[in-house]
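Just the one chain here, the form predicted on its own, laid out as structure tokens.
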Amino acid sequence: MRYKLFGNTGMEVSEMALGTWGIGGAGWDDRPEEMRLDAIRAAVELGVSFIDTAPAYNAGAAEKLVGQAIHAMGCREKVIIATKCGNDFIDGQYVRCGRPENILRECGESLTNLQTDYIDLYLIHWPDESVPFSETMGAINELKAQGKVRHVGVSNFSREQIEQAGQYCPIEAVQVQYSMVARDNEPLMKWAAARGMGVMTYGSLGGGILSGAIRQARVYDPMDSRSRFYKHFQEPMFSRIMELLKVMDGMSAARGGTPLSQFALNWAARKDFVSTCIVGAQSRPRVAENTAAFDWSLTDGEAAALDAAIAQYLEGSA
């Protein structure tokens, strides 16, 4: 595993962060609870020091599994935990709420779920423009003053929203979707990194499509994240990505069958404006495959070939 300083926070984090949306079990293929707990254990054992979760990941289920696993391993001080607020999963629907009383309540519930008395990085999950940032960030400042939150960030915010929120509380981290198949946020990421913010990418494997495991278009359940959130599982983007995968197949063969997911993660992690790549997995073998990506690096030639393929097949279609 490789590690980087996380912006100006002083924290050193693994270049892969374990994502727990799928581990929460809502909107993805559900796996037995013990398998999901073992995925968390595997990540820590293989050098992952950063775990990303949220109460919105199945109404606290993901947080509870993270708390259970970390508590049982006795490794809280070795693991940096990021969780979120301002976005709840209620009766199968995601509901944004940045009201101060909601932020304070959510933090208390997250601390209980995670079996800890502090959160290393607290992120506002989505902006709630119905509530002034002064009020939302005021609640965050209160949590910092109480020692419940150590560092503060935002997820899915625009540059303008980050600047507005930053007037009331320093923003130390940003989390956005970014991968070979979703590059729209690159200017924002460069801007944030240049200002000393830690930059976290989610959807680093494009919701799994860059693993190469899915080669035939299919119709997903309306609540499946590959139907509702990751739109590139639909045409015409799906077929364009399949052409990119063919190029990656050739590179994989040249490296003796190295999994495609490792090329995709190396491509993102080598960017100097990326601090860590969030990668979701629900089983030990998948976690092991993903962490192995950080045992080697793309050559400049491989990176150039991937960039050329992205430009040829995906440019203007993200």
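This structure is a prediction, so every number in the text was calculated from the model and none was measured. We number the residues from 1 along the sequence you see.
Another form, the form predicted in complex with a small molecule, is not on view; read the next lines as being about it.
At the 4.5 Å threshold, heavy atoms of Arg286 reach the small molecule in the predicted bound form. In the predicted bound form, at least one heavy atom of Ser261 sits within 4.5 Å of the small molecule.
Mapping the unseen interface onto this chain, Pro55 falls outside it, with no heavy atom inside 4.5 Å of the small molecule in the predicted bound form. In the predicted bound form, the small molecule sits within 4.5 Å of a heavy atom belonging to Arg226.
The stretch in contact with the small molecule in the predicted bound form, judged by heavy atoms within 4.5 Å, is 210-218, chosen from 210-218, 190-198, 131-139, 91-99. Within 4.5 Å of the small molecule in the predicted bound form, a heavy atom is found for all three of Trp21, Ser155 and Gln282. Checked against the small molecule in the predicted bound form, the candidates Arg255, Arg41, Lys271, Arg31 yield a single residue with a heavy atom inside 4.5 Å, and that residue is Arg31. A single residue from the set Leu46, Ile278, Ala61, Ile70 has any heavy atom within 4.5 angstroms of the small molecule in the predicted bound form; that residue is Ile278.
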